[in-house]
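Quick setup: one chain, the form predicted on its own, written in structure tokens, and binding and motion questions come after.
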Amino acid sequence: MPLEMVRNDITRMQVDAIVNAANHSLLGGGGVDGAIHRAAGPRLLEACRALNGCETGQAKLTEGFDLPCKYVIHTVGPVWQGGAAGERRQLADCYRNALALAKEKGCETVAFPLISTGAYGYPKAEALRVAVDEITRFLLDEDMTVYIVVFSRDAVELGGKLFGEIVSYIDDVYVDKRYESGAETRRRLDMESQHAPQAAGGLFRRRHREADARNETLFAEAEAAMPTAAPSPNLRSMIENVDESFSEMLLRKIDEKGMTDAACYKRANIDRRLFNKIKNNPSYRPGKPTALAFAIALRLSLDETKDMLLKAGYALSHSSKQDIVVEYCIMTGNYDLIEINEVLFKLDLQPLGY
């Protein structure tokens, strides 16, 4: 997945490079900076001494030493002064210059913290927006997997109304146990009967017998309504007339939208290698998050999205909070996949893509 937000300790990320939110001296400090220096060992400090500091927005590189990464890219973020002192430009420079260094070293995977959101006081929601904007802009032209690493989901603050609106929509439509199916009711009654007093056993058995009788009546009515002289299906004919596959529908939709393959899989936050697997194998069955990501990238309507999911063997369901988030965003015309994934991350749900 080209851009992914993960909850982890950045010093444990097994990537080609991690980015250190450093201070001007590069000689260690608190927060992420101190944690990286402790995990890397004393050789990192010696290597940083030779760099002679770093200016705000710039980036410098050292080896990873005792860390599980090849490199540490040190960058100095801006101190928040209210937003009118060029902080956004300086923060964007941090991401841009760090990514340029990673590309120069041939890195395929890079992990960033949310730069400047600790002691430097940059508002988290605004810092996240800068990070996402710069990383996605870079990934439009480059094949690299980039992680934004946070300690907890509470460390992520989302701006705007989308998050609150989605939470309200989930509360409105999420299917919970108040709407049990008949089978769920039957299982619940079985469990209750196992723990009920002996005197109540007859009541539960009578309920089951009554339910069985109702079901038998319904089955009999359904069978009576079925045509009695329906022609027998021809398996060979059915196989020869198999419906359009997910891969075929995806490629057709890309053409209909006038998009290039690269524009589609990058907008879907899908790795190029995975896209090629889907493209070159008409019978390939992607995961549901992948299918949904392509529907968002192609800006499909809700009906078109349901059709695309069916091609992969899935359906939108109000028993899935992930599906509800996607449904709401499509209904309201929000096709920003990165923003959708930020909401899914905050809700502890699987992001789209992969």
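Start at 1 with the first residue shown and count on from there. Not measured: the values here are computed from a predicted model.
Missing here is the form predicted together with adenosine-5-diphosphoribose; even so, the following discussion is about that form.
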Can you check whether D9 is within 4.5 Å of adenosine-5-diphosphoribose in the predicted complex, heavy atom basis? yes
4.5 Å heavy atom contact, V32 to adenosine-5-diphosphoribose in the predicted complex: yes
Do N269 and adenosine-5-diphosphoribose share at least one heavy atom pair within 4.5 Å in the predicted complex? no
Contact test in the predicted complex: N23 vs adenosine-5-diphosphoribose, heavy atoms, 4.5 Å: yes
Could you tell me which of 283-291, 47-55, 321-329, 24-32 sits within 4.5 Å of adenosine-5-diphosphoribose in the predicted complex, going by non-hydrogen atoms? 24-32
Heavy atom within 4.5 Å of adenosine-5-diphosphoribose in the predicted complex, from candidates A263, A100, A119, V173, belongs to A119
Have a look at R88, K124, K253, R96 for me and say which one sits with a heavy atom within 4.5 Å of adenosine-5-diphosphoribose in the predicted complex. K124
